[in-house]
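As a starting point, one isolated chain is supplied in structure tokens, in the form predicted alone.
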Amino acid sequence: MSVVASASASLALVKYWGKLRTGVNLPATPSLAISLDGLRTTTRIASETEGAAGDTVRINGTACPAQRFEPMIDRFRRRGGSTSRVTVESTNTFPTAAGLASSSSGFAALAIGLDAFYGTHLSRHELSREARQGSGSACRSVYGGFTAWETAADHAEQIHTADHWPQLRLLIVVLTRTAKPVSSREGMNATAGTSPVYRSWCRESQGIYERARTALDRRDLQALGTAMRESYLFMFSTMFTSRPPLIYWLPESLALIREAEDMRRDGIPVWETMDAGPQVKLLTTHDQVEAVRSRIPSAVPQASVLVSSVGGEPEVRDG
């Protein structure tokens, strides 16, 4: 028996950065996110050979230690009343562990696939709770469209489907395909424990989130872009002021931030954001994609660019 599940990466427009001390991956800040159709993980789950000692996990063809994945696999196995070990083979259409939210789509696809494989028939909210325990942002990737994850909530909610704003586009500028030296999990712990501005970040995030959610409801690109920019810059202030400082940016990252400023001055509606990594994402609309794309080489000649529309729902089928 085998199943194949796929899910899109979840890009936070308003950032989740920081965890409460209680529970597993419960957010200290609210996040507002968009599902990215162009960044997708496909995961095949199949029965392991009879008598196998454990589960097997491969990502993009590379064997991975199963320890991070087995707690989730074991929970689904127990729910399904099964003892079957599994082989998990996951592939991404984009670089892994490079600041492009591969863990969000990866753990969402895994949860959705395990639900189908073991026949547990969980609701979408229950799948969101399960995915969250593997990676916080994965709780949003079990949905398509636009999602919200409130402070301390154990699951995310879909607030709009993809057709709410089909004209929206994200240009993902890939500056390096190298895995980042410090994981998001480590980075969150470091900033929460050492940054003097971390508490201010947690306090101010709610207001940023509320402004962004209103802008999204109204499809107000300028207001959404402005709140999105405020969120990522505030988030990075906690990293820059942690001890020791945590700096994911490359010189090319800053060059693109400056270029986005120049584009706005020239009348091109585009706003940038970043996650825990060096890659820069540019928010605009479909009619501005070529204008934005044409300006990127002047700032970073060697970068590759992925263009994504709003992602639809996850999918699962027999494998």
Ligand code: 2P0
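We number the residues from 1 along the sequence you see. As the structure is a computational prediction, the values presented were derived from the model and not from experiment.
Not pictured, yet referred to below: the form predicted together with the named molecule.
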Does the named molecule, in the predicted bound form, lie within 4.5 angstroms of each residue among 19, 188 and 235, using heavy atoms as the measure? yes
Using heavy atoms only and a 4.5 Å cut-off, determine which of 92, 147, 195, 184 is in contact with the named molecule in the predicted bound form. 184
Sole residue of 264, 58, 293, 68 within 4.5 Å of the named molecule in the predicted bound form, by heavy atom: 68
Answer with yes or no whether residue 136 is in contact with the named molecule in the predicted bound form, where contact means some heavy atom within 4.5 Å. yes
Please run the contact check for residue 242 against the named molecule in the predicted bound form: heavy atoms, 4.5 angstroms, yes or no? no
Spell out, yes or no, whether the shortest heavy atom distance between residue 276 and the named molecule in the predicted bound form is within 4.5 Å. yes
Do residue 120 and the named molecule share at least one heavy atom pair within 4.5 Å in the predicted bound form? no
Stretch in contact in the predicted bound form with the named molecule, which is absent here, among 72-80, 127-135, 219-227, 109-117 (heavy atoms within 4.5 Å): 127-135
